[in-house]
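Just one chain is shown here, as C-alpha cells, and it is the form predicted alone.
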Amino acid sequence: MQSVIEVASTWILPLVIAGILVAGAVRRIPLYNTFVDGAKGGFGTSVRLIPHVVAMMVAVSVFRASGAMDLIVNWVHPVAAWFHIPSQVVPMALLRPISNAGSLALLTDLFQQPHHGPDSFAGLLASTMQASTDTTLYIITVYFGSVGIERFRYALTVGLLSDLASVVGSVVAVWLLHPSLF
C-alpha cells in the first residue's frame, strides 16, 4: 500500500499540470497570456493583503510570546496522550491552523531533536499533520479580508473542525501505514 501511495504522490502533481495545459490547448485558450494576466491580478491582490498578513503575524507572535501556547498545550496534553499523540507534536497541531511558517518551524525543530527524526513516529505524525491540515485562520484573514467578508463565524467553525478531523486522521493514517512505530 505504501508503494502505491509513493507512486501516486510522485505523479499526481505533474499529471494535474499536464491536464490543465491539455484542457487549455483543447479549448484554444491562450495559456501564456492568461497566465500573465493572472499574475498581474495577483500582484494587486498581494499589495491589498499586506495589512491583513501583518496583523496576523503580530497576533501569532503575541500568542506564542505570551505563554498562551504553552498553557493550552498543557491543557490538551491528557487528551492528546489518549490519542497517542506525542507531546512534542501537540504544539504543531495547535499552531498549524494559525500559521504555516510557525508550524513549519516547529516541524523542523522536531526533526533536529535526537530522538525524533523524520522517520520516528513523532516525525511522521508531524509531517502528516503539516500536509493534511490547513492554515484556517490565515486563510480567513487573507481571503475573506481581500474581498471584504466580515461574517466568517461558520467558515471559522467548519475550518477548525476540519483541522481537528485532519489531526485525528493523521494519527490513524500513520498508525495504518507504520504500525510498528505506534
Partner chain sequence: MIDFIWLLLFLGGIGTAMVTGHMDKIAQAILDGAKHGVELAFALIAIIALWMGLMQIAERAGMVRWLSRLLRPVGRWLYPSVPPDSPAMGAILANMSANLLGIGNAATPLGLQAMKELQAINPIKDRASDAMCTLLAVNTASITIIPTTVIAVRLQYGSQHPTEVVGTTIVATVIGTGVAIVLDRLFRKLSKRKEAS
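Everything numeric here is computed off the predicted structure, so don't read it as measured data. Positions refer to the first chain, counted from 1.
The discussion below concerns the form predicted together with the partner chain, not included here.
Proximity of Val79 to the partner chain in the predicted bound form falls outside the 4.5 Å heavy atom cutoff. Although the partner is absent here, His115 lies well away from the partner chain in the predicted bound form, with no heavy atom inside 4.5 Å. Taking non-hydrogen atoms only, Thr108 approaches the partner chain to within 4.5 angstroms in the predicted bound form. Taking non-hydrogen atoms only, Val73 never approaches the partner chain to within 4.5 angstroms in the predicted bound form.
Contacts to the partner chain in the predicted bound form (heavy atom within 4.5 Å) from stretch 15 to 43: Val16, Ile17, Gly19, Ile20, Leu21, Ala23, Gly24, Arg27, Ile29, Leu31, Thr34, Phe35, Asp37, Gly38, Ala39, Gly41, Gly42, Phe43.
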